[in-house]
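Just the one chain here, the form predicted alone, laid out as structure tokens.
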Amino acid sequence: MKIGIIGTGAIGSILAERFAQAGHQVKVTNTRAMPELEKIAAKLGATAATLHDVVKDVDAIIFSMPFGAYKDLPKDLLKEVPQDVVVMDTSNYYPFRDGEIPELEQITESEYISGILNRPLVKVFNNILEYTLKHHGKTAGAEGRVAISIAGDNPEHKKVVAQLVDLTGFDTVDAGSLAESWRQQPGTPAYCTELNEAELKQALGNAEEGKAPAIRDFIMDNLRKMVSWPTYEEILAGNRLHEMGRGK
């Protein structure tokens, strides 16, 4: 499979490396100058590309950027990309970082991005911690395998996404349509809590619409008050505290 990845941050770089190791042809891009991007790409086993080239002649495109950066993308970026190309979004919205976006009071984060891109997409890899993605993947069928939820409106595209998730070492749970993707946004029981397939299905069902933003902000305020940035264990524990219904 030919895969283009926009963004080489925590999640994008891990995905690029994993897919390249699995034998896929991976192109990456970011906002760095081409000489630096080429060095990053080489370390990941990928090929460096410009923003417009990274979306050309590929089977799948992964957007893994800070949420606030989407509005600066060229409006016609995906205009020539065939409709059968699978488009994925891994991002999450945090007002303290991305600024207030009033539209998100009415639609999900990925619906907002879908509107910017003028393209249907699949929400995936947003509800997993960097450390989890890098270190906790397991072979299919392994006991305690962590699951990742995916949301989107195209069943065939979701099948492709599920195959890619499996390559990274995780199970998938179908979270429904893109309009239902709020169930895996920050502040929900399914967000970065390292659950297996059965547990994740329950967590998605337990999500209460409208409550997540306040929980998200409460968790982030507490984390930002810490003397040093919290460890993976501390972040996971904080997320799980709310998943179990405490601290609300």
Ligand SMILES: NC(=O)c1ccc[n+]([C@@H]2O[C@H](COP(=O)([O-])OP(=O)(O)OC[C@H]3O[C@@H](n4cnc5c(N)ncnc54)[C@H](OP(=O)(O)O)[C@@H]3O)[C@@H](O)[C@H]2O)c1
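Note that residue numbering follows the sequence shown and begins at 1. Because the structure is a prediction, the values reported are computed rather than measured.
Note that the form predicted together with this ligand isn't included here; everything after this is about it.
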| query | finding |
| --- | --- |
| The unique member of Leu129, Val173, Val165, Val86 whose heavy atoms fall within 4.5 Å of this ligand in the predicted complex | Leu129 |
| Thr108, heavy atom within 4.5 angstroms of this ligand in the predicted complex | no |
| 4.5 angstroms heavy atom contact with this ligand in the predicted complex for Val160 | no |
| Contact label in the predicted complex: Asn206 to this ligand, heavy atom within 4.5 Å | no |
| Contact test in the predicted complex: Ile3 vs this ligand, heavy atoms, 4.5 Å | no |
| Site check Gly9, Met65 and Thr90: each within 4.5 Å of this ligand in the predicted complex by heavy atom | yes |
| Stretch in contact in the predicted complex with this ligand, which is absent here, among 90-98, 144-152, 114-122, 174-182 (heavy atoms within 4.5 Å) | 90-98 |
